[in-house]
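Quick heads-up: it's one chain on its own, the form predicted on its own, in structure tokens.
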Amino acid sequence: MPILTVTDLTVELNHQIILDHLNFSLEPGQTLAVIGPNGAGKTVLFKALLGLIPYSGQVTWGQDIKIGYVPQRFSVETDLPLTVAEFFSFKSATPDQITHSLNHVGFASPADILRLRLGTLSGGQLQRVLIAWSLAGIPNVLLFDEPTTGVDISAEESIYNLLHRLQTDHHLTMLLISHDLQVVYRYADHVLCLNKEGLCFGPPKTALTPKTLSELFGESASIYHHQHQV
């Protein structure tokens, strides 16, 4: 049975159609990449899936679903006194679950990172803390809205490798928004091409045709192609 079924999903904000009769489904353990130009409705889609905004149509999750979510941007002032441990106190998770999630994202000494203030973390460290925060509580679905925004290429590589390992090891279902087609081809089982309506859905190698990419980004649009190492 699908873990997620979306039927005729339509979102209207300020009298403008942001998503128009969107349909797709996802099986347990699969990774779905959502791509499209700025303003295509990608983040709005995630908010609708999470029930954060009103919509028409139907979003049906499987039974006993726990969702972890990492937003596109999480800005932290350098002088913010909040520690990582205090940040995790807002999460319904046991100390063992927090330690386990921090270990999973590559922190060899969770006790050390928990003592640090959020504002002192590097971009890569902050993203890993956010991913660990989303993992605490043992979700079976993860939503990542451009999870490498604001980090350098080396940290980006580590984060995507981490997400892929977590997805494989724990049979997680993952939905991620990305502008990087190399990431889509490498990690996604399916890709959803979005520009207010669904322009394509399927395996990246068959769904991402030159015609579809032209409809999404225009003839002269540039698309990020980072060379990720296997």
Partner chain sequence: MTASLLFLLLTGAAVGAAAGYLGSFMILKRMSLVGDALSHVALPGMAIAIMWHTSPIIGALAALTLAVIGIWHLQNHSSVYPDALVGIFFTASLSIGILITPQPDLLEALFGDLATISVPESLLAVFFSLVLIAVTYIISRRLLLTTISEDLATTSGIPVSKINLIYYLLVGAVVALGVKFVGTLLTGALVIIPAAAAKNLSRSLTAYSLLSIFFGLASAVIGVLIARSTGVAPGPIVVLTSVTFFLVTLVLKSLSR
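Just so it is clear, the structure is predicted and the values come from calculations on it, not from any experiment. Numbering follows the first chain given and starts at 1. If you superpose the two forms and keep the largest set of C-alpha atoms that fall within 1.5 Å, you have the rigid core.
Although it is not shown, the form predicted together with its partner chain is what the next lines describe.
Shown alone here, Ile67 lies within 4.5 Å of its partner chain in the predicted complex, counting heavy atoms only.
Contact annotation: Asp96 falls outside 4.5 Å of its partner chain in the predicted complex, judged by heavy atom distances. Although the partner is absent from this view, Asn140 stays clear of its partner chain in the predicted complex, with no non-hydrogen atom inside 4.5 angstroms. Remark: Leu121 does not count among the residues lining its partner chain in the predicted complex, judged by a heavy atom distance of 4.5 Å or less. Heavy atoms of every residue among Lys47, Leu52 and Thr83 are located within 4.5 Å of its partner chain in the predicted complex. Contact annotation for 74 to 89: residues with any non-hydrogen atom within 4.5 angstroms of its partner chain in the predicted complex are Phe74, Val76, Glu77, Asp79, Leu80, Pro81, Leu82, Thr83, Glu86, Phe87, Ser89, listed in sequence order. With the core held fixed, the Cα of Leu142 is displaced between the shown form and the other one by less than 2 Å. Comparing the forms between the shown form and the other one, the C-alpha position of Leu121 differs by 2 angstroms or more, with the core used for superposition. If you fit the rigid core between the shown form and the other one, you'll see the Cα of Ala85 move by less than 2 angstroms.
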